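Shown next as structure tokens: one chain only, the form predicted alone.
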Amino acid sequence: MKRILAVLFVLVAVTGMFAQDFVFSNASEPTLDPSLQTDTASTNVYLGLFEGLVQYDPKTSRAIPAVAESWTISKDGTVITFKLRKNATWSDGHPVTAQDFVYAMRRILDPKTGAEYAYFPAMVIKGADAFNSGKGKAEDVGYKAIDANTLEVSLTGPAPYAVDMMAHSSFGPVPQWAVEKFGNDWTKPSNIVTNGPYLLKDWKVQEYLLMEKNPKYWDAKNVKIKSIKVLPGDNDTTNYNMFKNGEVDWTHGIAVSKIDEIKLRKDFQASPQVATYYISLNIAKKPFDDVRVRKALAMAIDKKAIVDKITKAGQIPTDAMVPPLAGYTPQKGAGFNPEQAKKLLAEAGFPGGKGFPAFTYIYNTNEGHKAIGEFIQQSWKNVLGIDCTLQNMEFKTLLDLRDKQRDFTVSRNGWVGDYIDPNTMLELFISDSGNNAGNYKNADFDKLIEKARTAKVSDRYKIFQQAETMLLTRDQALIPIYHYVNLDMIDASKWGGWYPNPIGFHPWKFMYKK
């Protein structure tokens, strides 16, 4: 009997050690290093393990205090002074200081780091672009530790969205001592040091990632969910079935094939999102370097039919990159025009598609992306007489080919805004942007985006509209398909602190079981 009880005790202990209070189905395996993150799946985990100066408000997506308890902005809007909490600590007991943010900023901007998102802080931080491009010094970057709890940030101009930007992981702190000791291995479970509401308890790649409440977090008393299991599955049908069976508490994204059934459920959550689904065209490769070809491809696609017949969840068909925002009018774009598409392709030297080279449309494995890809493939065949091959791949492989190597011709793409402003959708396409997958380079466009950064608030939107018109109406640098809506499965009668919001990020620290 004693032996049986002992075995049972061990089993309970082992299973309890990996028990979780909440299960989330993420889209893919995350990258844990804040300086190297590029996708929403990684941000979802970042919001548990790390915390920056500010946090996303769970309702509005605007910046609210986090490690910084307060901040002041100079009269000219170019200097922000943050006051850090004195009780904020790292998981190993080190205090979180202003120097941690200075180190992290210099690290992400250092060209040796090779961070794709370095351009993001470089847009607004004084001296950051020069350092990132190898033309300036680290000490000239406008991130200064006045003392352990005071960080002074100097901007390139009065960017009204700068504080909202700082909720993003590219502005997150990094523990210098851990990075220097372990190098690229510093994010392994046995080495990682974090400062967020949760600790990395376990990580089995392609199986799960387990986060547990961090007792050293400065606001630990208000963190209600004790443990969170994050699954990397990208199969929406599997995720939906797991949700129905009670194996998953929240899944982002839905199974297109089940949409009619899903829309009838009370636990289906849909809301507008600052995000756009689009096609990247590699302008560096022929014949996509010809604007007539790019416009022909765009005009041959009936975006409304995609939304009505495939996605069917309230997405907004569009020819613009920037979603509708208060006070901003997106440009109209090329529109669905099959006859003009044929004419333009003929003018480019490919009448009826004759002589058009073979190419491949790549997308990450997902039934929705597959259905959309097949629709577009057929549209180009029927309207233009050209053939393309579809190729699906794991998400990280797609990111590597499309965003790092830029070794593709046509690719599925999508962008969720990092803050609520037209700039978050347009800055992707400046010449040196790490997210400019299509290699669009236009000095006039770059100048407009730069001008908007330092312009008066009353003039900014007009400048952005000029830039978007140049990007799409004149150059057709990409093909917008639709503006996303947030699509989630979560029982709001069971879980509190989760709200529909414009960006679609949901900080874990605010969630609780009702």
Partner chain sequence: MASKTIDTRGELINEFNQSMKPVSLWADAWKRLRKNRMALFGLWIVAIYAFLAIAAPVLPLYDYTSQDLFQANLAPSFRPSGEVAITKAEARLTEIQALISEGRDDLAPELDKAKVEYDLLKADIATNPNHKKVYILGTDYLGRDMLSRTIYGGRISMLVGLVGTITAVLLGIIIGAISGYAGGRLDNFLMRFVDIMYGLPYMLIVIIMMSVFRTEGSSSIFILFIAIALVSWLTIARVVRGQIISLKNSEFVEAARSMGASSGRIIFRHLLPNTLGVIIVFSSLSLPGFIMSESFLSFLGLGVSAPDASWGTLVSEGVQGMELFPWRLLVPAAIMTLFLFAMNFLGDGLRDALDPQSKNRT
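Numbering follows the first chain given and starts at 1. As the structure is a prediction and not an experimental result, all values here were calculated from the model.
Beyond the structure shown, there is the form predicted in complex with the partner chain, which is absent from this document and is the topic of what follows.
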Listed range touching the partner chain, judged in the model of the complex by heavy atoms within 4.5 Å, from 131 to 139, 439 to 447, 250 to 258, 421 to 429 = 250 to 258
Checking 73, 316, 284, 310 against the partner chain in the model of the complex, the residue with a non-hydrogen atom inside 4.5 angstroms turns out to be 310
Just give me the single entry in 289, 400, 219, 374 that has a non-hydrogen atom within 4.5 angstroms of the partner chain in the model of the complex.
-> 374
Check whether residue 367 has any heavy atom within 4.5 Å of a heavy atom of the partner chain in the model of the complex, and answer yes or no.
-> yes
Considering only heavy atoms, tell me if residue 263 and the partner chain come within 4.5 Å of each other in the model of the complex.
-> yes
Using a 4.5 Å heavy atom cut-off, state whether residue 214 contacts the partner chain in the model of the complex.
-> no
Are any of the heavy atoms in residue 409 no more than 4.5 Å from a heavy atom of the partner chain in the model of the complex?
-> yes
Select from 389 to 405 the residues with a non-hydrogen atom within 4.5 Å of the partner chain in the model of the complex and write them out in sequence order.
-> 389, 390, 391, 392, 401
